[in-house]
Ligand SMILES: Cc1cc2nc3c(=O)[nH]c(=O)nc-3n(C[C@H](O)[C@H](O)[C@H](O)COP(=O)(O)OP(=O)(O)OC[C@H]3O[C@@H](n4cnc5c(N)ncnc54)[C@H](O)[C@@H]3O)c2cc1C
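A single chain comes next, written as structure tokens; it is the form predicted on its own.
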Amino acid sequence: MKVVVVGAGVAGCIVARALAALPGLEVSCLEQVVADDHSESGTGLNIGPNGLKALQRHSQALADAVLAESFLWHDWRISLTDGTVLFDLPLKNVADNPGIRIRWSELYRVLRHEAGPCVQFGCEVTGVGYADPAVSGAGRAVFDHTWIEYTQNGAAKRIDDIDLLISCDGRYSLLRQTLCGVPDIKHVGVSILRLLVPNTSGGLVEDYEQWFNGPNRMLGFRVPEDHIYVSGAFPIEPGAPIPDEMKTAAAFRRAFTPAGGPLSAQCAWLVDTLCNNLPSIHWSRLQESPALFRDPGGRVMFLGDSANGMVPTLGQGATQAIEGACMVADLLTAKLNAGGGAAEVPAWLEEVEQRRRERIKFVMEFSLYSTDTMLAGADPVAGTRKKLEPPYMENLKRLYRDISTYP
């Protein structure tokens, strides 16, 4: 049986690693960047407790490799930029284990190393499709195989007779667009900035914390090797480009300085850091795309951001890539070890969708709901107080304690 995974990101590496360990399976994982090039991911991220829980359930060895390059995430605090604390939540109150703080580049490095030689670097996909279908006894077309064309370091290549194609090529997935059309992107009306810098805070920034001045929000936490990940968010018109005047030091100081007093020591350091590193800041807009788990032909699975590009408000993008990939890896391993073969692939993908559909629907809706304090005209004090009430806390428990599993 022949399997091709497109994208050696979080989801792609987890699945490729598991499948490559199975005898009699031909596995290729095609990654666009060259080996050891993780520069496009030079920021930090927090992985929710549910992501670590799923990873440990799937493979303690893989979880240990990731944990070796991480700091644990124990606490979530929300404050105003003058230092007033609104929300201070130990994750142990809503989760069975901590989360993780890690650099994107280190997460990629570890996962790609663990996936081993099945990862082929320097590959850019140029085309994908189905082989000519056979016709069943009932007169229906039966699609047994897909093909993919790509270049590797400039050389044109093609893989035919693929029994299972797994698309892990991100929220702008070429495979999804080619086979299923361009998804309808929903713009939320928030711009996001990201920055990773050496830690010169003198201990001011450590575990996961957010700071608000009106709907303008900063976020920061420390990651190995003693760096600080800083993020900022500002309301914008949904679908509109990010105004250039928003990307200036003067704009940062206006956005985060409270009217009634000075910035806290933490926020003064954060604002100064943003102002001193303007050329290094990465900008994007908050958006989401509809969930899609498989293509109509039944041989292509979408996983990670390719399947469910969600807003990053609760840090569930990479977390759900881990959670989903661990479940898929366990399901495919069990099916193949039980003697299943290529003819059963469409049924397996249907089962993946059944196991993930409601979970992803909840996570995406809850993440979008939690964006309320960053929207134009939002009151972060009232919005944060609402998050302290039982309904929100119960949803956090559902988010952090429940995971997709197989069996």
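One-based numbering along the sequence shown. Since this is a predicted model, take the numbers as computed values, not measurements.
There is also a form predicted together with the named molecule; it is not shown, and the following applies to it.
Enquirer: Would the named molecule be touched by all three of L22, L336 and G340 in the predicted complex, meaning a heavy atom each within 4.5 Å?
Expert: No residue of the spot touches the named molecule in the predicted complex.
Enquirer: Would you point out which of 181-189, 87-95, 245-253, 120-128 contains residues with a non-hydrogen atom within 4.5 Å of the named molecule in the predicted complex?
Expert: Single hit among the candidates: 120-128.
Enquirer: If we define contact as a non-hydrogen atom of the residue within 4.5 angstroms of the partner, is G170 a contact of the named molecule in the predicted complex?
Expert: Yes, G170 lies within 4.5 Å of the named molecule in the predicted complex.
Enquirer: With a 4.5 Å heavy atom cut-off, would you call G232 a contact of the named molecule in the predicted complex?
Expert: Although the named molecule is absent here, G232 would stay clear of it in the predicted complex, with no heavy atoms inside 4.5 Å.
Enquirer: Would Q316 sit within 4.5 Å of the named molecule in the predicted complex, counting heavy atoms only?
Expert: Yes.
Enquirer: Is it the case that G99, even though its partner is missing from this view, gets within 4.5 Å of the named molecule in the predicted complex, heavy atoms only?
Expert: So G99 does not count as contacting the named molecule.
Enquirer: Counting any non-hydrogen atom inside 4.5 Å, which residue from M327, L274, A321, I162 sits next to the named molecule in the predicted complex?
Expert: In short, A321.
Enquirer: Give me the residue from V363, L349, L30, L52 that has a heavy atom within 4.5 Å of the named molecule in the predicted complex.
Expert: Here the answer is residue option L30.
Enquirer: Could you list which residues of 1-15 come within 4.5 Å of the named molecule in the predicted complex, counting heavy atoms only?
Expert: Residues within 4.5 Å: V6, G7, A8, G9, V10, A11, G12.
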